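Starting off, we have a lone chain in the form predicted on its own, written out as structure tokens.
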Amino acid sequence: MAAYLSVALYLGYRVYNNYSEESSVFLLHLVYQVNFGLLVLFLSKAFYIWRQLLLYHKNKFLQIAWDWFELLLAATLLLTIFNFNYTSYIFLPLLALMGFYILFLCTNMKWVAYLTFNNKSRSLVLLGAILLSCYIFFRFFKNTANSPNLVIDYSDVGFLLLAMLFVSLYTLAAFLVSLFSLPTSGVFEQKSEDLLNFQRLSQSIQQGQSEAQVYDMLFESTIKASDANAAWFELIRNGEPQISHLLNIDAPQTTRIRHLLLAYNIQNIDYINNNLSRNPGFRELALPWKSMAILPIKSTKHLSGILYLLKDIEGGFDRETVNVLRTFTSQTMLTIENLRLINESLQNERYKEELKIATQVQESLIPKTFPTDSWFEISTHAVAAKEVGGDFYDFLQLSESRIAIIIGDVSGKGISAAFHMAQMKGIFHGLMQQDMPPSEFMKQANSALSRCLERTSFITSALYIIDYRMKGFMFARAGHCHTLYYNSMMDDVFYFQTEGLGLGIIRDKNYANHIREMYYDYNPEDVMVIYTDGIVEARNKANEEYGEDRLLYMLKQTYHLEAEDIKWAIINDLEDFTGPGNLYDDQTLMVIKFKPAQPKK
């Protein structure tokens, strides 16, 4: 802009002189001084811009060289202030050094490499404008230097000449470098685009992208990197390919190509053919493409997809292009596997959270304390092999002198077991409100569970109704473990060998034929031991079962103790037998000891 204003002023001055009879000295000095100001403005602006670009991605050596150049340039300004003749041979070494510095600085054009093709095109126009501006100023001051009316001449100011020389030479060098690097700009832009796509693929996980988005990015990136004319991508679902992306090719063409590749036994492997027209099979297909690349997206164990690229020229896929494409597919596979690992981790976290909730639900279903009574004492022990077990027990006070106690074992573990436990608890409390006998309860419970249990699930259970006043209890067993009992009057320990079938195994009226009910009068100091199969089927390191006989023996040794002590004696013996940390099934144990004391009236 400063140069063009200078031209406008000079032309205006020439026009005035042509139409005026006498030339105006004042006007000449005015135009000269204004143009000098515009020149200073132009050099300052250009000098500042080139300084910024020259020091782009600088190193220490370049920074030091530039600092010295500015010092030397400032030194030439002192020569002007003190009116020294800068053309004297005394100062020729300084001028030669400045010239060397300017040529050296003109070799630092790193910023040009970062320009795109469009940026370089625009920069050539701007550089040409700067060169033209330099010429305009040089021409103006050269033509007016010999004017006899000019009192002041700035054309011999060394500082300005050196600054103009630097601006002109650096602009010319930048113009030439930009011009000659213009044809190769596309290559650098493609490399930059490839690196950017690699970065996007590697950051897909942090950006929370899905597998589909990663495949979209792969498809677009490989087409740009290879400059393919047609392409399609197949996802492998349950071992079968499914086309997810298509470019300039239809489904029938992909089917014909795939059938031909199968005939050639080319499946799920890297395949490059840069001359399809020489292959008889491809020639018969009459395809418009002459080069083909097949790149599977696979790891050592898993095939995720297959990428097909086609070009309409021979030799379309050179080694460098194929290496870039393979890098894309490898990065994609790595990203996909990482995404799957993250998803699995999230699912595991959700599963753990669900298990935590199921554990809390299970704990809320099992009563923490039993009612205390002078007729009997109860001690319980329950431990789950996993976060959520399948054992449960509960009680319901039917009347002042009668209590119902249930124990059970749900097939399976985990969340489904907790759900079935909740169902069984609801059935127990719902049916026993009617105060029905144990055998009837089992029939009704089997009928209810038959409508909600899966076909593969069942529940074993035993229900006891203890009557204090009658000094007896009745019970029924639905496939649950036999009840261990100590009779104080006979001083005998034995199992109640009663029949019973698990709930949900037979889901019709025939189930009633498999349930038996038993009534038994108890004596003071009698002990009843109720348990789940995790107790008697516990195994030691030698794979030996704890067994009913050892449990019976333990009761013989401990029946005289309190219920709490009997329980711990059995549990301690069980742990001694299995060893520490050798728990493979849920263990529930309930010890009931009848007391001789009479209830208060």
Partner chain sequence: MKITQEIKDSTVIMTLDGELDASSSVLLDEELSDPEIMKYSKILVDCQNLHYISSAGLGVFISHLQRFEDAQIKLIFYNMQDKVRNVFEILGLDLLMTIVSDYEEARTIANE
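Treat the numbers as computed from the prediction; the structure is a model and nothing was measured. Numbering follows the first chain given and starts at 1. We call the rigid core whatever largest set of C-alpha positions still superposes within 1.5 Å between the two forms.
Heads up, the form predicted in complex with its partner chain isn't pictured, but that's what we're talking about next.
Partner contact region in the predicted complex: 541-549, out of 41-49, 541-549, 567-575, 63-71, criterion any non-hydrogen atom within 4.5 Å of its partner chain.
Using a 4.5 angstroms heavy atom cutoff to its partner chain in the predicted complex, all of 456, 460 and 481 count as contacting. Checking 521, 312, 363, 499 for any heavy atom within 4.5 Å of its partner chain in the predicted complex turns up a single hit: 499. The partner is absent here; in the predicted complex, the one residue of 258, 200, 514, 443 having a heavy atom within 4.5 Å of its partner chain is 514. Looking at residue 505, you'd find a heavy atom of it within 4.5 angstroms of its partner chain in the predicted complex. Using a 4.5 Å cutoff between non-hydrogen atoms, residue 562 does not count as a contact of its partner chain in the predicted complex. Under a 4.5 angstroms non-hydrogen atom cutoff, its partner chain in the predicted complex lacks residue 221 among its neighbouring residues. A residue is said to contact a partner when one of its heavy atoms sits within 4.5 Å of a partner heavy atom; residue 168 fails this definition for its partner chain in the predicted complex, lying far away.
For residue 512, a C-alpha deviation of 2 angstroms or more is recorded between the shown form and the other one after rigid-core alignment. Residue displacement note: residue 310 has its CA displaced by under 2 Å between the shown form and the other one (rigid core superposed).
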